[in-house]
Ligand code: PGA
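The chain below stands alone, shown as structure tokens; this is the form predicted alone.
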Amino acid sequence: MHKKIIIGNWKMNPLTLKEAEKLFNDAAKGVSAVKKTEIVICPPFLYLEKLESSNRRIKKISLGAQDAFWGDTGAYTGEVSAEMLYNIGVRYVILGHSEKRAMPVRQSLDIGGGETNGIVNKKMKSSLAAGLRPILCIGESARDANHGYFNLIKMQLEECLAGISKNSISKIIIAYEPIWAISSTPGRQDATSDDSREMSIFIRKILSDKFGPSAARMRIIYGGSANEKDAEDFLKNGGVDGLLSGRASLNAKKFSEIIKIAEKTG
């Protein structure tokens, strides 16, 4: 059985370093007694180094980045490499998030549209090479009556994980993130633990077909606006090993509650 993991994605929040330090320290106080649950917080790039310095005393939380570029060094204005992140103490990185996939990409090799599976694959490989643990986000924007979304998930997994060795896959976390359930999606709908369990089984099948028995070492988590109200249901009945929380992670009390729930269900 995998150890539960709770990941907080702060996105582009909060506005100041002072606020970031307070949020981080408040979250740390709320998890001081946690023993069975792994905790990761992913703040904006510019807060990482300062929070890592504070975290050396806490040692209950791992730091993650919200993205990493696939190049090591070079003429890539505005980018941050996986190796740079590792060198300041970051150990996890979110890759392929739906918001990144929807943004116009800056890289000259792929102008227009959003971040592609091919770009995510390059980032996966460079992150693993640098020693980071990738949190690979996958998910469909809508569910059609013909269940075509399963093909989309299969394609995302196969293309994003292309060329990655069996020796590396235990470091990878798959975050199932149905876009239609995310709070920022217009007309969003609530996903259920049944939706999560169905997709978790399907993802496990794809991973098993690709990597064989080694795939059992990979953790799958749920990430569609997970919060303190539905955390227990998803963790008990959703077929997942943890949660990727966005908005709820910006409230230390709510984030701590999610972690306590994970600790009880672990």
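A residue's number is simply how far along the shown sequence it sits, counting from 1. Source: prediction; values computed, not measured.
Unshown form predicted together with this ligand; subsequent notes refer to it.
In the model of the complex, His97 approaches this ligand with a heavy atom inside 4.5 Å. Under a 4.5 angstroms non-hydrogen atom cutoff, this ligand in the model of the complex lacks Asn167 among its neighbouring residues. Taking non-hydrogen atoms only, Gln66 never approaches this ligand to within 4.5 angstroms in the model of the complex. This ligand is not drawn, but in the model of the complex it has no heavy atom within 4.5 Å of Ser200. Contact check at 4.5 Å (heavy atoms) against this ligand in the model of the complex: none of Ile5, Glu38 and Ser62 pass.
Remark: of stretches 205 to 213, 44 to 52, 224 to 232, 22 to 30, the one touching this ligand in the model of the complex is 224 to 232 (heavy atom within 4.5 Å). Site annotation in the model of the complex: the residue of Ser183, Asn87, Asn151, Asn146 reaching within 4.5 Å of this ligand with a heavy atom is Ser183. Residues from 232 to 246 that approach this ligand in the model of the complex with a non-hydrogen atom closer than or equal to 4.5 Å are Leu244, Ser245, Gly246, in the order they occur in the chain.
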